[in-house]
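There is one chain below, alone, in C-alpha cells, taken in the form predicted alone.
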C-alpha cells in the first residue's frame, strides 16, 4: 500500500490530462466528419488545460501559480471563439457543397 500513497492528486490530474489529450488526438485522426474533429480538438484542449492546472499547484499552504491559471482562462476564451468560428465555416462549407 506504500506505492498507492506515493500517488498524489496532482499526478492523477496530469495523467487524466494526458489521457484526454490522447483521446482527442485519436478522435481527430479517426473521424472524417468536421464537427467530430472539432469536438476532438476541444477534448485535446481540455486535456491541456487540466495538465496546466495540475502544474500550477504548489502545495497546500501556498497559492497556485497564477501564470498557468491565466493561460487556462485565456485558452478557454480562445477555444470557445475558435470553435464558434470553425462551426460557422463548416456550416458555410456544407451549404456551398449542397448547391
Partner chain sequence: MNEAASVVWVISLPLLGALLATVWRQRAATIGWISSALTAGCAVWLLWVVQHAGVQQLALGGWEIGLGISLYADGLAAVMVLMSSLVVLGCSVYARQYFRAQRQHELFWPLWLLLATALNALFLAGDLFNVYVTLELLGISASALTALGAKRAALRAALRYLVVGLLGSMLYLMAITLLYAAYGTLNAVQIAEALQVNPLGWAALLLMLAGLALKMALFPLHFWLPPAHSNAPAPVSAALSALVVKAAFYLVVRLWFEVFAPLTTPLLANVLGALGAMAVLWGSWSALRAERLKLLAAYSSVAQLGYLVMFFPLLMVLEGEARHWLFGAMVLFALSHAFAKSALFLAAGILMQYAGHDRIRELSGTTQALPLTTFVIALAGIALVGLPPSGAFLGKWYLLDAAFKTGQWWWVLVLVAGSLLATAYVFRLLGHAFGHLPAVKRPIVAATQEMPALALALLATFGLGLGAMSLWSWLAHTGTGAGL
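What you see is a predicted model, and the numbers here were worked out from it, not measured in a lab. Residue numbers count along the first chain shown, from 1.
One more form of this protein should be noted, the form predicted together with the partner chain, which is absent from this view; the next part is about it.
The partner chain in the predicted complex is not approached by residue 23, whose heavy atoms all lie more than 4.5 angstroms from it. The partner chain in the predicted complex comes within 4.5 Å of a heavy atom belonging to residue 74. Contact check for residue 78: a heavy atom falls within 4.5 Å of the partner chain in the predicted complex.
At a distance threshold of 4.5 angstroms between non-hydrogen atoms, residue 86 is in contact with the partner chain in the predicted complex. Heavy atoms closer than or equal to 4.5 Å to the partner chain in the predicted complex belong, across 49-68, to the residues 49, 51, 52, 55, 65, 67, 68, ordered by sequence position.
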